[in-house]
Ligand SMILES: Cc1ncc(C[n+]2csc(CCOP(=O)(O)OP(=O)(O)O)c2C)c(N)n1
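The chain below stands alone and is given in structure tokens; this is the form predicted on its own.
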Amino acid sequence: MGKKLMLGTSAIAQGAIEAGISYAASYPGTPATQILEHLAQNSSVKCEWSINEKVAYEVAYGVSLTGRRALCSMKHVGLNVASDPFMTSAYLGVRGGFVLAIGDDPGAYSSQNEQDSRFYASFAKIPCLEPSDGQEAKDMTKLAFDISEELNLPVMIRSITRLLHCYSPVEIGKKRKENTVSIEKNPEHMIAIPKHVINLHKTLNAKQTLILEVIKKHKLNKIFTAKSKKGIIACGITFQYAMELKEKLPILKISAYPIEKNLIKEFVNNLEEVIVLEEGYPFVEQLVRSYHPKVKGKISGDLPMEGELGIDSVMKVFNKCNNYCPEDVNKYLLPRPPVLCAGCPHREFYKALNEAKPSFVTGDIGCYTLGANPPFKAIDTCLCMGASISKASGIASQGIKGVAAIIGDSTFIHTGIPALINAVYNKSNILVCILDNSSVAMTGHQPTPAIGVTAKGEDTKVLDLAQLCKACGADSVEVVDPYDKKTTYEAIKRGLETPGVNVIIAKRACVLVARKLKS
């Protein structure tokens, strides 16, 4: 059907379309956001922006129980939020093919850490596929649904920012028909209660040998032979780095986990040195060190443990840096730190907040986190989605007055609501500031339940944040326009000085979406 130039995210989405999925669920998070966006805009597949990753996973898993195929996508830290249903779903198994597409972010280009999702797949004892380019991203996603149904297990597709956000040619294939709906009751395999769990775990453990057989059958891990006594084990996209070396070296290309130990033994046999290339943690390197005495990689210090590996680090290991690796390219570049957009309503809110002089400000995850940077320097801490309210409650519990929590509208819906209820229940004295800019602005202005538009652009019910906060028991709720600095300042000052849990909703649409919302 021809080739198209596609982002890695779109290639994964295309693989899911060709696999005949019936549903897709996600929460926006770079670098994985565009997977669901591509599905919503380029297919008839039912799609949803869920309120958080845990809910997205559970919705997609529910679709799988009907016998139909479902895709769930999220960034790596989103899997922390979804880890509860993720771990147990491996015990219960799936019916229709269920694929979890994860976007890892080595280099932390848009994330608060660099965690490696391959460990999650290993922890849950499920297969994990890792493509090296866009074509493989599409093909492996499509194959992952077949493997999921063959093993009755969720299957993870793990990729990284560099692949997901780069274009490459992808061959478009035919779309498979959707599975028919067929839901059955099977308590012993569908209800995770203590009397079932041990048998479910035994079944999962018994599948480990079968997983290795399936990976071997599909030839997902391959050995490329050469006469050199120096060999490379390349995982996922690092296979492309190895190709750029233009060296005739034996290569073990890893595209699927778990890895058959005999394959590693076969590859390292008779080699004098093994170099392990992988983005993320030294997941494979730890295993290889059990089978060869001389291994170069991250543990040995030959490759960086932090940041994105990239081609430059690989070139340095092979002493090929003359034309590739300037010692410090950053010294030739002007710094370009991210800033809040001109006209951003958050800018005006932070001006009022600073004038009100809170004693401590807890931040959250969103574009408003940029308020921590100059010229505002208005945020003192940032941990994870929804943590601002919880942290503020903890700080205030130690007698510190004038504590403010900053959280966005989407993040508040994501995980801030339970924290607000907790603060009210435990009699906190804090000011909660919800910066409502009418979108998930940081990841590309996706809609939220507070806007009343679905992922497909359809009208739906609108969530009233003010009424929701009142229902949570907040002692006061005020809605202000951050462009009205005087009113905003007075509301902040009042909220900081009044005992109890006080909420301010600074409501003004992001300047980049305001015109669209009016139309």
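Every value quoted in this text rests on a predicted model; they were computed, and no experiment measured them. Start at 1 with the first residue shown and count on from there.
The form predicted together with this ligand is left out here; the points below concern that form.
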With the partner left out here, check for me: in the predicted bound form, does some heavy atom of Ser122 sit within 4.5 Å of this ligand? no
Even though the partner isn't displayed, in the predicted bound form is His414 close enough to this ligand, meaning a heavy atom within 4.5 Å? yes
Tyr368, heavy atom within 4.5 angstroms of this ligand in the predicted bound form: yes
With the partner left out of view, is Lys75 within 4.5 angstroms of this ligand in the predicted bound form by any non-hydrogen atom? yes
Among 464-472, 478-486, 57-65, 25-33, which stretch has residues with heavy atoms no more than 4.5 Å from this ligand in the predicted bound form? 25-33
Counting any non-hydrogen atom inside 4.5 Å, which residue from Leu92, Val403, Met385, Val276 sits next to this ligand in the predicted bound form? Met385
None of Pro127, Gly236, Gly97, Gly408 but one has a heavy atom within 4.5 Å of this ligand in the predicted bound form; the exception is Gly408
Within 435-461, the residues that have a heavy atom no more than 4.5 Å from this ligand in the predicted bound form: Asn437, Ser439, Val440, Ala441, Met442, Thr443
